[in-house]
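Only one chain is given next, in structure tokens, and it is the form predicted alone.
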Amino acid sequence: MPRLLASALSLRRDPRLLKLPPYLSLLCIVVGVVWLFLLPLDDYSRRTYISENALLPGQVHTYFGGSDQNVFRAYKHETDELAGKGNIEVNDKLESIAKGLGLKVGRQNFTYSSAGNTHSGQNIYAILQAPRGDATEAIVLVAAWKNVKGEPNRSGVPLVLTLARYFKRWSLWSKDIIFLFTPDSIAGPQAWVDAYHDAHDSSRVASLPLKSGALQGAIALDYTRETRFQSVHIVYDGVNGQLPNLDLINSVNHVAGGQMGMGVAIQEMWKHSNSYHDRLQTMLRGMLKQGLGLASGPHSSFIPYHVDAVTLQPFGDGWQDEMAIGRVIEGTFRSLNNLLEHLHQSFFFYFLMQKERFVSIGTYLPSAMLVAANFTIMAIALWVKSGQPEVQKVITEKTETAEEAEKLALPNPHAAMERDLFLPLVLVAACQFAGVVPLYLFNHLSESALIPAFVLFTVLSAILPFLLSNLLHTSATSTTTQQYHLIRSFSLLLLGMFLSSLATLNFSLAFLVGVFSAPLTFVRPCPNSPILKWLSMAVLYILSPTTVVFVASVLPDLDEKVGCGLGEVLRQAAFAWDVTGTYTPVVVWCVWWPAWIVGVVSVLGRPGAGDGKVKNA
């Protein structure tokens, strides 16, 4: 037994083992990326199915249509006259219509400040009390006056008014129905949902004068076109990558695609051939939206409160009219009306490859975990390496042969070095806390100062590693090889810990940051190899957070022909931070950017002599 323990101890300190971690880290990255690209295959994805039997989508006959089309035209004529008028005038007209239908009406004022701009408005909502209910549960139908692109919801608002009049005639409702009209698609719904759950800031958002029961689901209608359409687009991405219960999407798909016979699209894939390429493109589009964490429609504000919601957008040129989308909403609402409890049986974490194909979290999560694990593997290896003395060939006058000199240079396998932790801990902690500076600036500066501040920060961010490297080199005690090992170890350990935790909350964001940060695993001081040093620097600066943000701002956004611009990206990020609580800036500036700074400092490092004192283990 003592001999076995001695062998194990010698094996643990065998320098050959320290050559394996870089290859293991690379293997984790490659397997993680390849795993992701295998997901669209039939062997890794599954067909969608409805877990909650009580929904029974498509099992009822819808009656919306006929004379209701004349009602829709009348309401559309009245709402068209409101074009160009103020929010209060619009709400006055909507209130008179809602009260004429016998509904209870409430209003709510809100004011948000972001990037020096003030976003204020007034929401109006009407409650249809369920004839067969006790006001303990409710479903929401949302129609924003303008969609996320700022386009007027020309047909959506009158159609919701028509549905309100139609639903009022039926006595089958067991849940209250709330008809919500907001001036925009982000701030208005967020203010209303926050106030409904008493989670609002009373100084910015007014409380609701009327409430119903617990919200069981929500459908938002984004219907800007005034002509017939072909298919319906289901928007389901929520804030910070959160998603509604898959049963809701499946129900809408079943009602629209099965019962109504209209096409259904997701992730702006207007044409989907169900090929590997289209499946992969659909998944990557979903990952990009979830990674950004921005609200994609009025429904996004409901999801953080565990209220399953989607937005419906008619698109294409076809023969379907407004009565068809109205019947889709009716069928979906009648399915939700059947629920005996909140949606819970299906999936909340998934990737949709197409409308009827998905991958659950148990299948795709290992991809991001492997990428995050590569940082932890290298961090542990660097920690072990920092405790071992360096092999140095020292030839003295007393050594007669080179073999004797090399034998004397070999370290004691049972020897260990005392680790000097102060400098590595201070440097890594300082870089982590420095991430608060860009986080604060980009979320509190005015819109006109965002671009100059970003340019200035980019320049300072590029210079900072050189300043830190010179400071470490010119300090009273030169930074040792051991300390550089510890600096990288602590930084990679934090990065791996953050990303592995984030992967369970927002897989897409964790995976994207992990892939962009992958070169940080392999960087090291290169004082004697200028070519390798500057090549490493070029790769790190190309994949820096500031570069990625700039490139993302000029690239075309999905189906758009041009990018939205750097100023618009920074403004949207600040708005999302202030209004919807998007935490993507925290990950970029407080997790990714500090690790990048430490990585560049490591490449510029010039380790000095004197790696600590050796002690016997």
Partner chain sequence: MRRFFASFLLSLLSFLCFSPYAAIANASSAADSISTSISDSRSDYHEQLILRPLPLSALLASFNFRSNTSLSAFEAHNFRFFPRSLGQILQHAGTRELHLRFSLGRWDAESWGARPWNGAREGGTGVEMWAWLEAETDEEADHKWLTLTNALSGLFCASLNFIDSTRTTRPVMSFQPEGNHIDANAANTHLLYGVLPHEVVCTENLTPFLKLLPCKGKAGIASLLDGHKLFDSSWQTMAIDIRPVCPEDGECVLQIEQSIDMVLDIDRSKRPRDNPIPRPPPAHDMKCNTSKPYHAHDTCFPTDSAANQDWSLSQIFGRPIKGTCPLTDPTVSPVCIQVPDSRIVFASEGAIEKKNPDQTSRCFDFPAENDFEVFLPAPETQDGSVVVDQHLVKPETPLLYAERSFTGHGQERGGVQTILRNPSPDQEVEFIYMESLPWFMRIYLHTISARVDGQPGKADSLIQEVYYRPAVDRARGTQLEVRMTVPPASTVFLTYDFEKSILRYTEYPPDANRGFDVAAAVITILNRDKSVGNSRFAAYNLRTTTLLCNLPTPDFSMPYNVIIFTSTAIALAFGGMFNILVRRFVAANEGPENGLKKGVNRLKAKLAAMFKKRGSTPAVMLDGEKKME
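Residue numbers count along the first chain shown, from 1. All values derive from a computational prediction rather than experimental measurement.
Not on display, but discussed next: the form predicted together with the partner chain.
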Just to confirm, residue 431 within 4.5 Å of the partner chain in the model of the complex by heavy atoms?
no
Closest heavy atom of residue 67 to the partner chain in the model of the complex, within 4.5 Å or not?
yes
Is residue 136 close enough to the partner chain in the model of the complex to count, meaning some heavy atom within 4.5 Å?
yes
Evaluate residue 169 for contact with the partner chain in the model of the complex, applying a 4.5 angstroms cut-off between non-hydrogen atoms, and reply yes or no.
yes
In the model of the complex, which of the listed residues (445, 464, 71, 260) lies with a heavy atom within 4.5 Å of the partner chain?
71
Just one of 473, 85, 342, 228 has a heavy atom within 4.5 Å of the partner chain in the model of the complex. Which one?
342
Which of these stretches, 510-518, 534-542, 93-101, 285-293, has heavy atoms within 4.5 Å of the partner chain in the model of the complex?
93-101
Can all three of 77, 129 and 209 be found with a heavy atom no more than 4.5 Å from the partner chain in the model of the complex?
yes
